[in-house]
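First comes one chain, alone, set out as structure tokens in the form predicted on its own.
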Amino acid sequence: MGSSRELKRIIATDCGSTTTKAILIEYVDGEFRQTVRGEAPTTVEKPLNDVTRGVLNAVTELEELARLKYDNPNIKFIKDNEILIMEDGVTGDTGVDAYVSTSSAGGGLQMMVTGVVARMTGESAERAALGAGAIVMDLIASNDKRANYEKIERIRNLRPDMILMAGGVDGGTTKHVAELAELVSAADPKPRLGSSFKLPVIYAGNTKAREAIKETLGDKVDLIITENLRPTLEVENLGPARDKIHDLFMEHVMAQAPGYNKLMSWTKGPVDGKISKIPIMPTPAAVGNIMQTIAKQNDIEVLGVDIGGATTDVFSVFTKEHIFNRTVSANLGMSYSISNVLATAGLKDILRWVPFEINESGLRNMIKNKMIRPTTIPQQLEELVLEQAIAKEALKYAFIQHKEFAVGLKGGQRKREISEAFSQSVSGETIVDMMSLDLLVGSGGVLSHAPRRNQAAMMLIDAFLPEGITRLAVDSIFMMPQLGVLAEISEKAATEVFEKDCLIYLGTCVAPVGKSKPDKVALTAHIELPNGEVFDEEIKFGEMRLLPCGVGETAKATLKPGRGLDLGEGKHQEVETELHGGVVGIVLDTRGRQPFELPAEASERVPLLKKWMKELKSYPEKILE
């Protein structure tokens, strides 16, 4: 890890599918801060066919804005159409100490995975690929009930960037793993980019089967062998496979995309005291990287979501071992995939969040318009309420998928052969525990650019239903990818900017878990607020309260949940704690968890929605009258 003292000025870019975003990070008054941001259209496609043009355009904007900010026309970050990296360190106005980048341009990293048992080694392979920032196009398993010819056709037609093959515990039977290799061989798949190249295939399965794999696939693909990602039923070892995926992403996928060879030669920074190449990371892998860094450095559990136009990514770091998981809900998004949200959730579930009458065709028209004009934003307040209702359902279903995937391993205590487990589900319980969650972070346009931060808080609370005591935040300008790759050379710089400039803390949500009746006390709260006021109240079940507590402020709280309700210390047990404030404040939510229920009848539900929205100051009064 490079010493952060060597860094004074860093440029970080994220080359997205449509926009290339650049940020300038500087060492100011003893700490790292993000000072200037620029962006430009990504230029990986025709007519320019060179990703570096978009990067230079975004960095030129950084240069111009920095000159304005410091009233200094001599600031210079580009020379001879390249980013100027000062190998001896920045001393004046010219150049930067490091340049790092992430990329999801050209469709990102697209992979196929194989495993013997879909719910065991197949799932482990999927976790490895997703954690490395890939979109998993398909999982081919020996027990997935498709005929062999269908599997061969699928492998041939999908044209992934690479294949990750898993299967078998070390020393177990090799029969099924060898059969999977024969299917890949028969399909003779070609890579998506660079048709003259062999498709990269990573084998991370039973070590006993390596020779058989080499014999079957050695001449047909670019075969890379690494450690078994499931050496025993009880152990998952994803690190080596993820590292290989990153390496191959650079060597094969990025090398084929227009202009990336040039860009790869630019990304450099100080590592162990000398200037070294810094690999470009897939954007989602970089977001995962910063999440893990924050969780480990602060010893907390973190859940993050990025809701885009086409997909919703959920990231989590749970348990004392800081186990990282990422899922991609490729069919849930706010523009291109918005119709899928309607199909998944149904009209009834979307409309349950809307506090006014709307006919079914009106909602369908709004959704279709958004799908065919993905860059439009709501023009009327009613449209905004509808869009945020859809977002709540998209986030909810993406989170359900994440919980199903982020599971512990359910291996036997005795040694078992693969064939014994062949028809069994071997995934354990989900490791996602909302009661132990410390920080919930939202990003993506609908959350980061909500007209009121209170709306972002309401969307996160309604969609994820945090339990106990949870801090809420949004990513201000989606700089998490750049900070994730920056953490590779300076965790100090990445975490300081993440805390001070990336995250906008919304506040804290206090939510007792359990069910009660509307006339019963759900929470007795004694809270000493930073403005000198004391909130001392018994709150009935089904209520929401918003208390003022600003960014950087804390409130001393004694909280006692009602009978049958739990805040993390057990049912009806008092909790003494400090609650962190934010731009929204402290939200006391006694609407119940496990289950959370909204009345089915609109005549009951709508007054409740209006009451909660008024209390949280989510929308102007006129829409809630």
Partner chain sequence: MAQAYSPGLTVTESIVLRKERILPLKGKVLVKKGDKVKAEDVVAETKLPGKVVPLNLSNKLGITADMVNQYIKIKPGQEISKNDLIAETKGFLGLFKSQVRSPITGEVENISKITGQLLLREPRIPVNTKAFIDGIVVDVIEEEGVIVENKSAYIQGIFGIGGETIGEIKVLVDSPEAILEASKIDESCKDKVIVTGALATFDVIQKALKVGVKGIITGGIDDRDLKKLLGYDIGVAITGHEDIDITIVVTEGFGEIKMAQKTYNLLKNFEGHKSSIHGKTQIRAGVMRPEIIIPTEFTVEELGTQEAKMASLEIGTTIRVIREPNFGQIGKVTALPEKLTPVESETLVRILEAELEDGKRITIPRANVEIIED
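Residue numbers count along the first chain shown, from 1. Treat the numbers as computed from the prediction; the structure is a model and nothing was measured. Note that the rigid core is defined as the largest set of C-alphas that superpose within 1.5 Å between two forms.
Only in words, not in the display: the form predicted in complex with its partner chain, which the text now covers.
Although the partner is absent from this view, I372 contacts its partner chain in the model of the complex, with a non-hydrogen atom inside 4.5 angstroms. Using a 4.5 angstroms limit between non-hydrogen atoms, G550 is distant from its partner chain in the model of the complex. Shown alone here, M250 lies farther than 4.5 Å from its partner chain in the model of the complex, counting heavy atoms only.
Within this chain, P41 lines the site of its partner chain in the model of the complex, having a heavy atom no more than 4.5 Å away. Not one of T35, K348 and E393 is positioned with any heavy atom within 4.5 Å of its partner chain in the model of the complex. Taking D272, E360, D88, E321 one by one, only a single residue has any non-hydrogen atom within 4.5 Å of its partner chain in the model of the complex, and it is E360. Interface residue among M479, V96, A473, I152 relative to its partner chain in the model of the complex, by the heavy atom within 4.5 Å criterion: I152. Only one of 399-407, 88-96, 153-161, 484-492 lies within 4.5 Å of its partner chain in the model of the complex by heavy atoms, and it is 153-161. In the model of the complex, its partner chain lies within 4.5 angstroms of at least one heavy atom of each of the following residues of 153-185: E153, R156, K175, A178, E179, E182, L183, in sequence order.
With the core held fixed, the Cα of A187 is displaced between this form and the one not shown by 2 Å or more.
Residue displacement note: R453 has its CA displaced by under 2 Å between this form and the one not shown (rigid core superposed).
Comparing the forms between this form and the one not shown, the C-alpha position of K262 differs by 2 angstroms or more, with the core used for superposition.
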